[in-house]
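Just one chain is shown here, as structure tokens, and it is the form predicted on its own.
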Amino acid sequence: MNFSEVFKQSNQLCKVSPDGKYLATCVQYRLVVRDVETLQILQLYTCLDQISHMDWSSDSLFILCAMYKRGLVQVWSLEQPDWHCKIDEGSIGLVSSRWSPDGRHILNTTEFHLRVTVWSLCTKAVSYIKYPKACQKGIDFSRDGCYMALAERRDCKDFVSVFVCDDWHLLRHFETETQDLAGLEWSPNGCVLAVWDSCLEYKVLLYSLDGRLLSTYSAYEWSLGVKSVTWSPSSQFLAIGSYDEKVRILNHITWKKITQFEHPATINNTKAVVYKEVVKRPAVCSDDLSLHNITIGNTLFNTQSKYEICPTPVQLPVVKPDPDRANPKIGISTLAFSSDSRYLATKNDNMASVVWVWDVQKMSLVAVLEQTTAVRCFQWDPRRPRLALCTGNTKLYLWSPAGCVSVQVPTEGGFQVQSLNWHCSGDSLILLGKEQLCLCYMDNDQEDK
């Protein structure tokens, strides 16, 4: 495993192009495009203001930079650096901007969710879609890029509109059986649309492409409900995380629950491996405490950590949420399937320092990773069953069926990893700090052996 030097970035705006060749980073109002292999700067673009959001087109030829405060979007071309495009939403404002799957249209959502504006880069044509709903996930494109589902709110009722992305004509428009629709997501095969209600009511609805209601699932009533929803890459399973600290798995044939995964404070399961992060501080000699060593911020005071396997039963640290505050820190907020749909990683918010790994094939708990501090982010390798996570310190943590490892990020000044993203090849990881980033290169040939 090797690490690159550290580069500047702002607002965690750093993305690898879909083809995996380029790395785009934002540094305040500048957009820097590097070659992923050499990290040499290929292009440098200057925007009109500090960049709030940045995204690649699907063909990796264009980059969108949104400046929400000024209601502006600028688009840059990688092939023709002199070409550029500016979209000004004016006084109506801008809260969200994204590419369509074809990489030639931009969808802007205006302030107060008054409308979605579809801008064409090819013809300069403009289309408007009214009544978009302000919710957790109100727009989703099918994986093949053919259809867009949009959540709408009109006359105090929820609706879903399905548009064909080729010419933006309306394919289907139907009312949903929700009190307050919170989100929607296409299955990876594009056959089913999952729609879920707000946390005040546990309800998940499954619709076909033509708007037929295939199934409704509700686990309980009169208590805080759904907190997170995700499809398995195979489209066979829908995982639903809720405020009762459980994950329920629905199957794609009958849409009934096939199992549920509970997150108890005490683990008695003898088949699950519990990895506990153990920290030890290096002994410091008085010679090392010179002013020079302290001021250069080297790794003198960095803690070293490793994982120890704990015999069951194991008591996990639990934080009791404040019942008087909104959005209590309890329940399953994060769910992620591995690329082969074999494993599911989950995080229960009142056990913020713990990540749970489940074997979906065996319907059982495989591993529990107990960290010393709260887990900020975790993500599966896109090519193999390997999970990377970070906790806001100077370390990177990796889990695979073979075991667990803690790796010190060897950079000057104590680079603290706030979030991470895998390269699409699974050969490297982008580690993001508050104002810096570095790349971690994996030795996959060694690992595969």
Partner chain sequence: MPESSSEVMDIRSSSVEYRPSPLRQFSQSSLPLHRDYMLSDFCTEHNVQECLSHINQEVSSLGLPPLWTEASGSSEMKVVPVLNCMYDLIQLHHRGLRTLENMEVEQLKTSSNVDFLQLSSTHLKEQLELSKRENTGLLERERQLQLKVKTLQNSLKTEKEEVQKLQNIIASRASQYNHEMKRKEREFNKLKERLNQLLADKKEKKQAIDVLNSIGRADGKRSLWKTVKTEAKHEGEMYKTLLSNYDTRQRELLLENAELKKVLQQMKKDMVSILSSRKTALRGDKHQDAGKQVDAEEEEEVFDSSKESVELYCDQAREKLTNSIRLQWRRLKSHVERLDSQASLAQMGENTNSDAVARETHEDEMDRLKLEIQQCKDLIQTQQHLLQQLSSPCDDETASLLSDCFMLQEKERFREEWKTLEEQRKIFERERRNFTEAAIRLSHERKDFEDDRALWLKHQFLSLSPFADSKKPQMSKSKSAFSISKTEVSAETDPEKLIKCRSGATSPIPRCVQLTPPPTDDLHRTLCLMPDNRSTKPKRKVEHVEESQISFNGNIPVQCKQWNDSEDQYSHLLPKEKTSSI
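Positions refer to the first chain, counted from 1. Keep in mind that this is a model prediction, so the values were computed, not measured.
There is also a form predicted together with its partner chain; it is not shown, and the following applies to it.
*Asks:* Quick one: which of 167-175, 361-369, 306-314, 334-342 gets within 4.5 Å of its partner chain in the predicted bound form, going by heavy atoms?
*Replies:* Result of the contact check: 167-175.
*Asks:* Could you spot which one of His113, Lys246, Arg143, Lys276 gets a heavy atom to within 4.5 Å of its partner chain in the predicted bound form?
*Replies:* Contact check passes for His113.
*Asks:* Heavy atom within 4.5 Å of its partner chain in the predicted bound form: which of Val375, Val318, Ile87, Leu78 fits that? Just give me the one.
*Replies:* Selected option: Ile87.
*Asks:* Run the contact test on Lys21, Lys137 and Ala265 with a 4.5 Å heavy atom cut-off to its partner chain in the predicted bound form and return yes or no.
*Replies:* None of them does, since no heavy atom lies within 4.5 Å of the partner.
*Asks:* Just checking whether Thr270 would be counted as a contact of its partner chain in the predicted bound form - the rule being heavy atoms within 4.5 angstroms.
*Replies:* So Thr270 does not count as contacting its partner chain.
*Asks:* Can you tell me if Ile92 lies within 4.5 angstroms of its partner chain in the predicted bound form, counting non-hydrogen atoms only?
*Replies:* Ile92: contacts its partner chain in the predicted bound form.
*Asks:* Give a yes or no for Arg212: in the predicted bound form, does one of its heavy atoms lie within 4.5 Å of a heavy atom belonging to its partner chain?
*Replies:* Residue-level check for Arg212: yes, a contact with its partner chain.
*Asks:* Although the partner isn't part of this model, could you tell me whether Asp322 comes within 4.5 Å of its partner chain in the predicted bound form, counting any heavy atom of the residue?
*Replies:* Asp322: no contact with its partner chain in the predicted bound form.
*Asks:* Give, in sequence order, every residue of 215-232 that has a heavy atom within 4.5 Å of its partner chain in the predicted bound form, or say none if there are no such residues.
*Replies:* Heavy-atom contacts within 4.5 Å come from no residue here.
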